[in-house]
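One chain follows as structure tokens, the form predicted alone.
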């Protein structure tokens, strides 16, 4: 395969969740090379890591995020696509640390204090990473101080707050207030089943996303 064909094939593997040659999913790609083999092959062929990221991985996850937003695919399909993307990313990480490939920015995300749900947060983290951002995932039950400490360690990062319960979404307000008091220039975006745009404005957040692709669109608007 030439470079363009190889990148297109890698894009398809990530989009449909073909992790490696041994992976049985998706059935129509059984026995074919997956994201693992094709990324290694692309690097061996001399394709620049930045081109692999921009022209295969990011484009694939944009498609996945859009299909999810349009309810053409659901959580299981997103998870296998994210697994394929993460498999490919493992081969690119040395180039990130060397500075050869630059990320768009840093994104700190966590489920707010009192809330132990992480599926929505994890999906957002995966899609955002696939869109070319460095993700710092603080996990679940995260309070103001942990967010503030992470902001101190990652200057200029955008912060994402997630909540699944109406009883824990109220904790977003105090976290937003605490972060804004310490780091007033920090951009904050919120998401989760019980929250909406009006609640985001009410608590002083800078943005709201109803799905992972919405979070990516917001983040990309900050660096456009």
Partner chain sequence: MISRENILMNLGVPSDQAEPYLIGLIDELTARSLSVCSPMATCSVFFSPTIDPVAGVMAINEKTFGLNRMVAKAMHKSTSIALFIGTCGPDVEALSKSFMKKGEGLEGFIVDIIGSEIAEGVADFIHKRMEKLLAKENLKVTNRYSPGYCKWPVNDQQVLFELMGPHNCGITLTPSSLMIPVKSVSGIIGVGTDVVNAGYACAICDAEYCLYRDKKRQL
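Since this is a predicted model, take the numbers as computed values, not measurements. Residue numbers count along the first chain shown, from 1.
The discussion below concerns the form predicted together with the partner chain, not included here.
S.K.: Within 4.5 Å, heavy atoms only, which of 193, 69, 177, 43 is in contact with the partner chain in the model of the complex?
M.R.: Of 193, 69, 177, 43, the residue with a heavy atom within 4.5 Å of the partner chain in the model of the complex is 193.
S.K.: If you check in the model of the complex, do 114, 122 and 126 all have a non-hydrogen atom within 4.5 Å of the partner chain?
M.R.: Per the other structure, all of 114, 122 and 126 touch the partner chain.
S.K.: Answer with yes or no whether residue 83 is in contact with the partner chain in the model of the complex, where contact means some heavy atom within 4.5 Å.
M.R.: Residue-level check for residue 83: yes, a contact with the partner chain.
S.K.: If you check in the model of the complex, is residue 136 within 4.5 Å of the partner chain, heavy atoms only?
M.R.: Contact with the partner chain, no.
S.K.: Is there a heavy atom of residue 76 lying 4.5 Å or less from a heavy atom of the partner chain in the model of the complex?
M.R.: Yes, contact at 4.5 Å.
S.K.: Taking heavy atoms and a 4.5 Å cut-off, does residue 155 contact the partner chain in the model of the complex?
M.R.: No, no contact at 4.5 Å.
S.K.: Among 43 to 51, 24 to 32, 177 to 185, 57 to 65, which stretch sits within 4.5 Å of the partner chain in the model of the complex, heavy atoms only?
M.R.: Heavy-atom contact with the partner occurs in 24 to 32.
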